[in-house]
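Single chain ahead, written as structure tokens, the form predicted on its own.
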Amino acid sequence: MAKAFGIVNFTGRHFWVEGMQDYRPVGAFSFLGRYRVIDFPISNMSNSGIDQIQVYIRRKPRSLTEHIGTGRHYNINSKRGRVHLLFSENGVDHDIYNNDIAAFLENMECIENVNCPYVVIAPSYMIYTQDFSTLLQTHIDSEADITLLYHSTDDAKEHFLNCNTLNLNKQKGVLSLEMNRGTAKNRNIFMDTYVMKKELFIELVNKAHKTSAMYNLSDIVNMACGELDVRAVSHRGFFATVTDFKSYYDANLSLIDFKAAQSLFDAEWPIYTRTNDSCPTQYFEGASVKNSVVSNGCLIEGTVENSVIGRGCVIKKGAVIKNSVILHDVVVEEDVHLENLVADKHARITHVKEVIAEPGQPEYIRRNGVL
């Protein structure tokens, strides 16, 4: 799909994942033991024929740049394709001026130099699959100025809080964007995914900069709804956001369910990631694993139930892990009981024999932490 290039945008100024985001951006978060969150938007673009992809990074870039590398593992044409990492250095973590518009302006020359008439913009904190070539063709056929992707949900009071929603007319024209404050059950959640001409995108970025230094791309698009033809297209299938600690925990555990996993993963639409060659997981005598996702390279002697276990974890004899997300290289010593929590990578739980959080209120064991 040489007609369009891709932008993976960091966005999410209202979001902060306590604990985990201190070490890396959301796009670099481990997901389902094997992937990173950034793998989903880049794989969607690669599978859609987009081979010019710009990934914007705001803070703590090391883990994300190491994971993406040259981008070859995303099956992008090695001669003409490229995953281009671009940085925003305008401020600190929560600086109101450190937004996506500022990042686009800082890297405007890179945007102008891409020889594609259209741009597809997707977020780095949402997990879904979408054929962008079909979305682009729908946009072109409709002759709209901007096409936005949305997901209809009936649980907006409890989930997707602080995400933008779309107010639509009967023809699925976008009237406005507004934040989800949890006041209504049924909402059209905006997936921070845009399709438009490159020239219009550049025009909107410049207009946003002149209007307010605090404006994000969504703000200027909202303002343009009365002037431009902005259409919406509905998404089908699995959809999750990583907007806070609990949403990350919930998104991982929800995919233990096989039907939910089938709605995200498709053999014809692979999710690419950096491979890690290691031996298969070894299950020792007395080990018990039920309803869980276990990555390779683990040594399991204890009990695992309804959990996601990352690569290279060691779960020793008598240890019990339930309803938890364990990132890679975590060691759980003998007779330790963990329940309803996220253990960040390289954590070691040895002296404390029981860490049990309340259901629905997961707790966090920090990276390299020793308990």
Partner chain sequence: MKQNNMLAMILAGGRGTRLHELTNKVAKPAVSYGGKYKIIDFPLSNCANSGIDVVGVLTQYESILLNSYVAAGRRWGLDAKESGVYVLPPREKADANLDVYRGTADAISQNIDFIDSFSPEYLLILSGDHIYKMNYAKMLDYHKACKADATIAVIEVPMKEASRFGIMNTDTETGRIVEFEEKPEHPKSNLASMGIYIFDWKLLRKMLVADMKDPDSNHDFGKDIIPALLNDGKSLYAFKFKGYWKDVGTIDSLWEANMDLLDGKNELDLNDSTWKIYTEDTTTLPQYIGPDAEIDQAFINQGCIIEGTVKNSVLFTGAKVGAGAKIIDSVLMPGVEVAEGAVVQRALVADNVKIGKEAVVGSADSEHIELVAKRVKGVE
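Since the model is a prediction, treat every value here as computed from it, not as a measurement. Positions refer to the first chain, counted from 1.
Omitted here: the form predicted in complex with the partner chain. The next part is about that form.
Student: Considering non-hydrogen atoms and a 4.5 Å limit, does the partner chain approach residue 34 in the predicted bound form?
Tutor: The answer is yes: residue 34 has a heavy atom within 4.5 Å of the partner chain.
Student: Should residue 97 be classed as touching the partner chain in the predicted bound form when contacts are defined as heavy atoms within 4.5 Å?
Tutor: Looking in the predicted bound form, residue contacts with the partner chain do not include residue 97, since no heavy atom lies within 4.5 Å.
Student: Taking heavy atoms only, is residue 154 within 4.5 angstroms of the partner chain in the predicted bound form?
Tutor: So residue 154 does not count as contacting the partner chain.
Student: With the cut-off set at 4.5 Å between non-hydrogen atoms, does residue 275 touch the partner chain in the predicted bound form?
Tutor: Contact check for residue 275: yes, within 4.5 Å of the partner chain in the predicted bound form.
Student: Within 4.5 Å of the partner chain in the predicted bound form, heavy atoms considered, which of 179, 175, 279, 108?
Tutor: Residue within 4.5 Å of the partner: 279.
Student: With the partner chain left out of view, choose which of 224, 200, 256, 86 has a non-hydrogen atom within 4.5 angstroms of it in the predicted bound form.
Tutor: If I apply the 4.5 Å criterion carefully, the residue I get is 256.
Student: To test your reading of this chain, name the stretch in 145-153, 264-272, 108-116, 122-130 whose heavy atoms come within 4.5 Å of the partner chain in the predicted bound form.
Tutor: After filtering at 4.5 Å, what remains is 264-272.
Student: Counting only heavy atoms, which residues in 277-295 are within 4.5 Å of the partner chain in the predicted bound form?
Tutor: Heavy-atom contacts to the partner chain in the predicted bound form: 277, 278, 279, 280, 281, 282, 283, 284, 285, 286, 287, 289, 290, 291, 292, 293, 294, 295.
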